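So this first bit is one chain, no partners, the form predicted on its own, shown in structure tokens.
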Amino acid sequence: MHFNIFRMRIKKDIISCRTCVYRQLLFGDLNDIEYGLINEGRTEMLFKRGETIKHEGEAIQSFLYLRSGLVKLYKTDKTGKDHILSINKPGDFVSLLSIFSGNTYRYSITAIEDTLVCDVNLEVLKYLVSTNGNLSLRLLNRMSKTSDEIIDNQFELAQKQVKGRVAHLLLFFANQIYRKNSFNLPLTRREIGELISITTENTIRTLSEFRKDGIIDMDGRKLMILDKDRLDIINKGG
């Protein structure tokens, strides 16, 4: 097992799942006894940027959801090259597509910002799924939506050229993650390429061209979108 418990930091911010802002996403139909079971089997864990939360091939023993921060899900090929599958934001259930399909993770999960996750004992969740029909339906609905989002995003990216892919990613961060036009890029240029399937060189060149054209401004990791309309045209044009 690769998980390094000495880097894990335990938090105790939430007294009960009833007080969590994300409980309605999945645990909104639990009774007091069921909430008690979840609370007893739940651990809040803080990971620093760059720390790996789960490794590909690690045994699945818990259900994870993201309270704050950002994580990347990725697979590593035989040559050691990483391929980022998705970026997950607060409120996402980052292990949802794996917990019922096998015994080990088929991808790794690493924090790309300081990240707080809730780790729920998998046996507790499986018991509640077997006894609570509403929870089962909620879980199936979330799994379907997660799968659809991954498929739709990959299909959309596949239709785009290099500039369209970079524009798509910048708008994703601005509109869905940070909800503002100025933010720190959570990914390196190499990681951006891994996520949208282009080379690091093409990533660097495209960002430089966007900056030269007055579409964005950059200072290190700090990025500001100056002309969102033009960026959206590039995104839609592919």
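Position 1 is the first residue in the sequence shown; the rest follow in order. This one's a predicted model, so the numbers in the text were calculated from it and none came from an experiment.
There is another form of this protein, the form predicted together with the DNA, and it is not shown here; the text below is about that form.
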Please tell me whether any heavy atom belonging to Asn121 falls inside 4.5 Å of a heavy atom of the DNA, as the geometry stands in the model of the complex. no
Val162 within 4.5 Å of the DNA in the model of the complex, heavy atoms: yes
Residue contact check: Asp32 to the DNA in the model of the complex, 4.5 Å heavy atom: no
Might Ser208 be said to contact the DNA in the model of the complex, defining contact as any heavy atom within 4.5 Å? yes
Partner absent here, but in the model of the complex, which of 52-60, 167-175, 184-192, 65-73 has residues with a heavy atom within 4.5 Å of the DNA? 184-192
Here the chain is shown alone; which of Leu26, Ile38, Ile198, Met45 has a heavy atom within 4.5 Å of the DNA in the model of the complex? Ile198
